[in-house]
Ligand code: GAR
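Taking the form predicted on its own, here's one chain by itself in C-alpha cells.
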Amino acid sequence: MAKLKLAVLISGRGSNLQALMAACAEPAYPAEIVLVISNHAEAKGIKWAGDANLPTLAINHKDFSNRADFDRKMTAAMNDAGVELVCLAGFMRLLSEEFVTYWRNRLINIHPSLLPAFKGLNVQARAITAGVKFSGCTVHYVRNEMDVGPIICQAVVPIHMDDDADALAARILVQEHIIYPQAVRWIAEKRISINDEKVDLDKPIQSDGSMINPMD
C-alpha cells in the first residue's frame, strides 16, 4: 500500500516535525515526509530534516510582495513533490484564502489549546490568567478563519497552581508529539471523514473517564 505523502511547514525548531519524522521512520507507519518547507532558511527544523536526508526548501516570504504569491510558490513545490497532506508545525505565517481553499481537507494544524478556547497566540499565559484548570492541544483541519476547522483529536493537560506559561507549554508539547502523528495515521488509513464540519473517526476507542483538577 502506498504511503501518504506529507509536506511539513515550519518556521522554527520544528519539534512536531521531529515527532512526525520519528513516526515516519517506523516501517509500518502509513505516511512519509516528501518535503519540508520553511520561511526561514536558518530554522533548526530545516537542518534536522536535511540531516535525515529529507527534501527541504527554504522560501523567504520577504521576497514576495504579497501572501498569495508566496503561497503559490509553496503550492507549486508541493505539487511537484506529489504532496497529498500538508502539516503545519509551528509555521508562523498567515495563509491566503486561495491556499487554504486549494488544500481544503488536505491541510492540518496543531494548536496548543483545547480549541475553540484560546485561539491565537500566548495561549498558555492566557489560560493561566483565566483561571481554567485544564488546557491541552488540538489537531484540526485548517479553514480560512484562524484556529478554526474540524477537530480531529485533542489531548488534555491539567494546569497546576504553580504553573507559568513555559511549564504548561512544556507539558502540552509532550502531548502534541503524541497526537499529531496519530492524527496523520488516521488520515493515511482513511479512517476519517468530515460531515457538517465535524470529524468522524471509523472504529474509535472512546473513554467515559473523567478528570478533576485540582483534587482534595
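All residue numbers refer to positions in the sequence shown, first residue = 1. No experiment lies behind these values; they were computed from the predicted model shown.
Same protein, other form: the form predicted together with glycinamide ribonucleotide, not shown, and the subject of what follows.
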Problem - Triplet Gly14, Pro112 and Asp147 all within 4.5 Å of glycinamide ribonucleotide in the model of the complex via a heavy atom - result: yes
Practice task
Tell me, out of Leu173, Ala68, Ile151, Ala167, which residue has a non-hydrogen atom within 4.5 angstroms of glycinamide ribonucleotide in the model of the complex.
Solution key: Leu173
Handout entry: glycinamide ribonucleotide: the contacting residue among Val132, Ala117, Ala81, Met92 in the model of the complex [heavy atom, 4.5 Å]
Key = Met92
